[in-house]
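A single chain comes next, written as structure tokens; it is the form predicted alone.
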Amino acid sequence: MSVSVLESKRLEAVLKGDEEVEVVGTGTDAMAYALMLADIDVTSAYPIRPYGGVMQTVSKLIADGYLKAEYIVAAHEHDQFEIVKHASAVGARTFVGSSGVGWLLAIEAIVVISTDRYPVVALIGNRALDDPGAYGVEHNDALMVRDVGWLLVWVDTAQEALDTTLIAYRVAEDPRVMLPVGISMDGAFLTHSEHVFKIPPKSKVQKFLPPYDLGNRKLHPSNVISVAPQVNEDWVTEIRKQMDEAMKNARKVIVEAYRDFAKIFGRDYGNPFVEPYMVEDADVIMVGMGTVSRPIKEAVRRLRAKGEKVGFLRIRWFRPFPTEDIIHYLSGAKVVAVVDRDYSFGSPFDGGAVYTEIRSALYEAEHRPLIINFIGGLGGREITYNDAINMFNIALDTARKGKVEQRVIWYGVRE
């Protein structure tokens, strides 16, 4: 199946012209167009929903000649990630992706990609982990790699998915970083829903994104090097510390990348790490990641109209974690309410992963707000505008009482 005639004209325009074009497509379509503009060399595919849409669109772009790349169908997810790891080692810009338990089936290769410092970019189409079966969104699949050297970013629109993919390659391939990036996209709510978004011209992408250069680590017969030697206790600590420094460096590189992106493309995301929404004077601030921002922002607008001082903070980059921004935006509030589309069984206070990290970050704040946690939207269950209003009302009641009566609330659990 090839792209439509209308789509063909628009793709010709962005590849050969200087103007961006507006199209309608899904979040995975938007990412596929970014991969075309980034001129990836190799991608490997294995089907699993909800990530699979990106591979379908990429295959059409290759078939119709808009993207010249090797499209390798893998035997399973582990092979997928092994393929891009080795391709990256020989100097190819690569893309890969998966969802849920498929992502975890590849975990050995996923960890080695980061410990070998290959700047692979991956889509994690967020999906609940089996069992029981559920195709809907949860964030635990992506969060499983939060401690092993992957940079993790969440997007909540198709436009942000396209733009973030270009930014991800710029950050991952920076010599100061050289770490993989996982772009998390809420399954169904963004992977499959259609949005209006703009595809920038390739001429601008070429100004923003330099060619992939692995330098003297490129595996080639003319460059005799050893990759992944057995070093045991002699060097593992030093190698882990190098990764730690690379992750710290990523904060500065991310800022630079967003700054340059705004200059070249004219879309300014403001703070790269978080999106503050009406938080300046808020007594109650809700925090979340991904598409949950939509109903929560609507709830903020409605409650503000009634005089309630509420706001919302969306976390984009989870790794590196935006500690300073969390302290800056949240420490002035009376109550912080964290919405986790994940769980962390047995964690401190039995809360979600995001809640636990935010509690940790705010420990250093001079003023520590009260913090409550909503675990909700699991398995793809929708968090509606009314749900967001109910959550805000619980948080506002906590602010009025000045104390937390229940730290963690599993929202909407049927009795």
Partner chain sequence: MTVTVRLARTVKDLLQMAQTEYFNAGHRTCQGCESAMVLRWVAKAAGPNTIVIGATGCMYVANTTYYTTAWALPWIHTQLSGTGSAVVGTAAALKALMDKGKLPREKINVIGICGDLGCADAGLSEVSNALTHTKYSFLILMYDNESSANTDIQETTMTPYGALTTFSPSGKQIRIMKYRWKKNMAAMMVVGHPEVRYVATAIATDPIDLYNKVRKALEIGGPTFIHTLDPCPKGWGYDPKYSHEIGKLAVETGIWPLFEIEDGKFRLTSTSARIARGEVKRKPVKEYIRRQTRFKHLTDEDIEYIQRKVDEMWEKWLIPGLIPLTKELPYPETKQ
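Residue numbers count along the first chain shown, from 1. Predicted model, so just to flag it, every value in this text is computed and none were measured.
There is another form of the same protein, the form predicted in complex with the partner chain; it is not shown, and what comes next is about it.
The contact with the partner chain in the model of the complex, taken as any heavy atom within 4.5 Å, belongs to 225 out of 225, 101, 243, 148. A heavy atom within 4.5 Å of the partner chain in the model of the complex is found for one listed residue only; from 324, 256, 130, 108, this is 108. Annotated contact segment (heavy atom within 4.5 Å of the partner chain in the model of the complex): 91-99, selected among 91-99, 264-272, 151-159, 309-317.
Within 4.5 Å of any heavy atom of the partner chain in the model of the complex lies no heavy atom of residue 237.
Using a 4.5 Å cutoff between non-hydrogen atoms, residue 85 counts as a contact of the partner chain in the model of the complex. In the model of the complex, none of the heavy atoms of residue 328 sits within 4.5 Å of a heavy atom of the partner chain.
Using a 4.5 Å cutoff between non-hydrogen atoms, residue 75 counts as a contact of the partner chain in the model of the complex. Taking the partner chain as it sits in the model of the complex, the stretch 206-240 comes within 4.5 angstroms of it through a non-hydrogen atom at 218, 219, 220, 221, 223, 224, 225, 226, 227, 228, 229, 230, 231, 232, 235.
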